[in-house]
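Let's start with one chain on its own, the form predicted alone, as structure tokens.
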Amino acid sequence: MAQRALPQSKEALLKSYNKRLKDDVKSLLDNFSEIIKLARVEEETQVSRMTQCEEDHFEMLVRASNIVRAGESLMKLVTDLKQYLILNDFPSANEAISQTARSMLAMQQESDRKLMALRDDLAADLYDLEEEYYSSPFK
């Protein structure tokens, strides 16, 4: 099991994903093996050669469609796993949020520092201007 204990529903979901994976891969392998077996040359039987060819052709079509179905099921499984990871990867999401918060805090502190320096400069300039104005004989 993983480092942390998973809730029952998540564990069941992961087991179902694992079962789907094994079933679909087994289906791919079994159907492919059976198609390869159909390529053999048969000795004469009671069934005519043309009938046997049609039967083999139909079986290949069915098995090929089973392979396609298993492949589509595997692609759906990959999509489900990606969605599960995106929706349930809280440590990664929390780290991204924390990193963004830290960068925003640093940006806020830098802006505050610049505003304070600007305020101090303006206050000093305003003081000088007021002093000049009030000491001027041309009020």
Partner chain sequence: MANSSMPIERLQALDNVEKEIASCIQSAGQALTELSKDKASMKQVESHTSQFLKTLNHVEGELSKHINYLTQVSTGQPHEGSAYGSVKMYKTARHRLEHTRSRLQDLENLKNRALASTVRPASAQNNP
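Here, rigid core means the biggest group of C-alpha atoms that superpose within 1.5 Å across both forms. Positions refer to the first chain, counted from 1. Source: prediction; values computed, not measured.
Although it is not shown, the form predicted together with the partner chain is what the next lines describe.
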**Study point:** Proximity to the partner chain in the predicted bound form, single hit among C53, I36, V62, V47 (heavy atom within 4.5 Å)
**Key:** I36
Point to revise | the partner chain: the contacting residue among A123, A12, V25, A117 in the predicted bound form [heavy atom, 4.5 Å] | key: V25
Review point. Does Y84 make contact with the partner chain in the predicted bound form, using a 4.5 Å heavy atom cut-off?
Key: yes
Practice item. Using the partner position in the predicted bound form, report whether Y127 sits within 4.5 Å of the partner chain, counting heavy atoms only. Key: no
Review point. Is E42 close to the partner chain in the predicted bound form, meaning a heavy atom pair under 4.5 Å apart or at it?
Key: no
Practice item. At a 4.5 angstroms cut-off on non-hydrogen atoms, which residues of 96-125 are near the partner chain in the predicted bound form? List them in order. Key: A96, I97, Q99, T100, A101, M104, L105, M107, Q108, S111, D112, L115, L118, L122
Check your understanding: Any chance the CA of L126 moves 2 angstroms or more between this form and the one not shown, core superposed?
Key -> yes
Review point. Against the rigid core, is the Cα displacement of Q52 between this form and the one not shown at least 2 Å?
Key: no
